[in-house]
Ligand SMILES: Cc1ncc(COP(=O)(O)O)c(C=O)c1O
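Just one chain follows, in the form predicted alone, and it is written as structure tokens.
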């Protein structure tokens, strides 16, 4: 048998991608165990009924055919209106590329910003797919850690120190997955300054923009940044549509025009009836306010429940769908802690090390469960920590 390409083999070079705790928990749950799943960012509720009914209607109306490569014109217009709200910059349809989910938008952004052999900076903690996406493009990258003690705000001086002659892009994510940190305007201005002075692309993953606290600041809105910022967005979180695979990339119109060719050789456009349902969901904001309110309430519920828990420190946790807990005073090895917690208490959480060394010694709690399960998970965590300390002593 011929050997696979080095690029494909190298996407996850170690064969270990950080999701081992989650996969074990999911397997046990599917086998019938009563596991509280706090390890994945997928809503525990269905897509808003209005979106579902629109999709059913559109299927029955015969929208089963190919669509334009960059997305239906009306879809791109609706996404442009959403991008205007998200980024604070007036956005036109020709500045939007519709993609099957935010990950495909990220893939497109990386491919337009970097040639094989080019270099990028990734601010960590980061979403687990970021390193593999750069490897899939044949690009190198350096991870620059944002530190827990700084609220996981990016360190601009460290970012600039990591630049190389072949650096072409910086990748950030705010509100951040996994930490829930919301980058401040000052942090973003410092990153933008680096991009302007060194003529870099800034890839800004903003899929959680509706789930933050206070005003969402997009670096695209900062002076001189609209021409060099590629914004990744998605309907998965904001509109409760994780399985529908609808996302988009916002960038300069001439760059988006080039990226249509990537859709030609990859997705060949989106699903017709899903695209049309997405238009209606975007135009009507179905579920957006309710979803944001749900996660804000759940964040408060869980944080109130863990407040005062000995040697557990909340880090970030101001936005998105997650809470990040620093458990280094109890167990520095967060993967060991997460596996032990799963085995002892049947609660699945993500080790922070899955998202980069900056989050090592932390656990990420997904808020994608109802209040009663979040309360119960916090109760079990408190019991587990007490038992863990006793055994360690």
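Quick caveat: nothing in here was measured; it's all calculated off a predicted structure. Numbering follows the first chain given and starts at 1.
The same protein also exists as the form predicted together with the named molecule; that form is not shown, yet it is the one meant from here on.
Checked against the named molecule in the predicted complex, the candidates 84, 184, 142, 103 yield a single residue with a heavy atom inside 4.5 Å, and that residue is 103.
Residue-level contacts in the predicted complex: of 107, 273, 130, 295, one residue has a heavy atom within 4.5 Å of the named molecule, and it is 130.
Using a 4.5 Å cut-off to the named molecule in the predicted complex, not one of 299, 317 and 326 places a heavy atom inside that distance. At least one heavy atom of residue 208 is located within 4.5 Å of the named molecule in the predicted complex. Shown alone here, residue 234 lies within 4.5 Å of the named molecule in the predicted complex, counting heavy atoms only. Looking at residue 173, you'd find a heavy atom of it within 4.5 angstroms of the named molecule in the predicted complex. Using a 4.5 angstroms limit between non-hydrogen atoms, residue 245 touches the named molecule in the predicted complex. Look at 72 to 80, 94 to 102, 161 to 169, 185 to 193: in the predicted complex, residues with non-hydrogen atoms within 4.5 angstroms of the named molecule sit in 94 to 102.
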